[in-house]
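Given as structure tokens, the chain that follows is alone and in the form predicted alone.
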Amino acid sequence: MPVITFANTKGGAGKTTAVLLLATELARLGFRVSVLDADPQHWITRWHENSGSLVGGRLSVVPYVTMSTIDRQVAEEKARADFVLVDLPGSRSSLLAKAVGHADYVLIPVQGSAMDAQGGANVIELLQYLEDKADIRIRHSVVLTRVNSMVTTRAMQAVKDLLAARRVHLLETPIIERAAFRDIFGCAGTLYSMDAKRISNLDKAQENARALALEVLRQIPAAVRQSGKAPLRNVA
């Protein structure tokens, strides 16, 4: 089953939030999802300890993934899950190269800043190196994170222009800056168990997360067909 690796060598790019949103939405669609938590902050692991049962037991998290364990853990989770998501540290490391090597698809979360763009560029350069030197082509996309739904800043436009100039695929669905996305790690739940009376625009956050998941599924349609869990008409 496909492995989706989330990578940006700069911390704070919204990578772990993107992992959690995609993982929970895929689980809601009926897929079995495993997340390999290689982030030293272990936010996904902490969240799952309090919230995992809320997605019907279809989402599991493997904590403390390291350079020495990732090969075995990827193999084990691929054998029992429809999707394996890998949350990496926000830094350059040998683990980054190894995790990217396992990936069927790489998602690169980027905020509208020069530093985030450079962190994403480091990942893109690694992918280009694999293609040039080893003829290994790994499908990849950038997803914009923490986007202001009302304003496009100069920095954000500069990031979009840079991606276009380098012909890097950009997902049409950005992750909008929402209170629900900031609060989800501390609420011991999912977007669908949070209290709409306390979280502003919760419905829009849910719509955003679902749109992200459906667009990612369109990027890897073979995985959808193989799993038999979600008909293609549901992700068109």
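Model, not experiment: these values are computed from the prediction. In this text, residue numbers run from 1 along the sequence as written.
Absent from the display: the form predicted together with a small molecule. The rest refers to it.
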{"item": "Listed range touching the small molecule, judged in the model of the complex by heavy atoms within 4.5 Å, from 22 to 30, 61 to 69, 174 to 182, 187 to 195", "value": "174 to 182"}
{"item": "Any non-hydrogen atom of residue 146 within 4.5 angstroms of the small molecule in the model of the complex", "value": "yes"}
{"item": "Heavy atom of residue 37 within 4.5 Å of the small molecule in the model of the complex", "value": "no"}
